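Just one chain is shown here, as structure tokens, and it is the form predicted on its own.
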Amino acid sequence: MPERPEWKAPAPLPPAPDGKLRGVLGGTALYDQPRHAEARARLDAFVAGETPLAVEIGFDHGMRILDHARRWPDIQWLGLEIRKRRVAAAAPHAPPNCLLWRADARTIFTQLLPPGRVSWVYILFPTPTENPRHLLLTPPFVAGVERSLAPDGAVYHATDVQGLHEHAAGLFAGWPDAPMPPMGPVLSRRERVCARDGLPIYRLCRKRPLPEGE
């Protein structure tokens, strides 16, 4: 398989006049609706408490996050995926410490996760889209990640697209390097493809910067 073509980030969208975040599944306005109150309550219950919380964005078939949840039962594993079929197929196999949820990660980090709650964020091979409405890695998303991370929390990003790696490195500029998060032997589907075809993988792991004056 050939390397992906050169990619550059699309021009960002202007901010919404009402301050809400636009997203693939309705944005932040989605969870203002009473019909989603039960799902919101389920998420709130799952992330409550002080157990370490890891979030994997775009878990695809779920093989990696399911293995991690079984391998580290003392960590809560939250998987976010926008494809309904992927969630429906993987969710029945999740152990009690793993919640696989159909949701837009931009909404979850901006609005729903408690501040300072997340220990690790895994962003694995996000789609290098040219549509600004579908782009995950944006300044508002990074601000939501920073808000949600614990003081020693870290974000891990992996991609085989050099332009996307450079884009991520720019967004997380100023964040110190961090130790790698828990990593089991089961790879994501795209990482297996890269290993098979000898494609380079670009990685970064950064921790939340300290507030000014600390």
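Quick note: we count residues from 1 along the sequence shown, nothing fancier. Just so it is clear, the model here is predicted, and its values are computed rather than measured.
FYI, the form predicted in complex with a small molecule isn't displayed, but the following is about it.
* Answer with one of Val121, Leu124, Cys98, Ala90: the residue that has a non-hydrogen atom within 4.5 Å of the small molecule in the predicted bound form. => Among Val121, Leu124, Cys98, Ala90, a heavy atom within 4.5 Å of the small molecule in the predicted bound form occurs only for Leu124.
Ok, Asp60, Glu146, Glu166, Asp67: which has a heavy atom sitting within 4.5 Å of the small molecule in the predicted bound form?
Of the candidates Asp60, Glu146, Glu166, Asp67, Asp60 is the one lying within 4.5 Å of the small molecule in the predicted bound form.
- Message: in the predicted bound form, is there a heavy atom of the small molecule that lies within 4.5 Å of any heavy atom of Arg42, even though the partner is absent here?
- Response: No, Arg42 sits far enough from the small molecule in the predicted bound form that none of its heavy atoms falls within 4.5 Å.
Residue contact check: Leu112 to the small molecule in the predicted bound form, 4.5 Å heavy atom
The answer is no: Leu112 has no heavy atom within 4.5 Å of the small molecule.
Can you work out whether Ala105 and the small molecule are in contact in the predicted bound form, taking contact to mean some heavy atom pair no more than 4.5 Å apart? Answer yes; at least one heavy atom of Ala105 falls within 4.5 Å of the small molecule in the predicted bound form.
query: Given that the partner is absent here, does Ile82 sit within 4.5 Å of the small molecule in the predicted bound form, heavy atoms only?
result: Looking in the predicted bound form, residue contacts with the small molecule include Ile82, since a heavy atom lies within 4.5 Å.
query: For the chain seen here without its partner, which of 171 to 179, 185 to 193, 146 to 154, 47 to 55 has a heavy atom within 4.5 Å of the small molecule in the predicted bound form?
result: Flagged stretch: 185 to 193.
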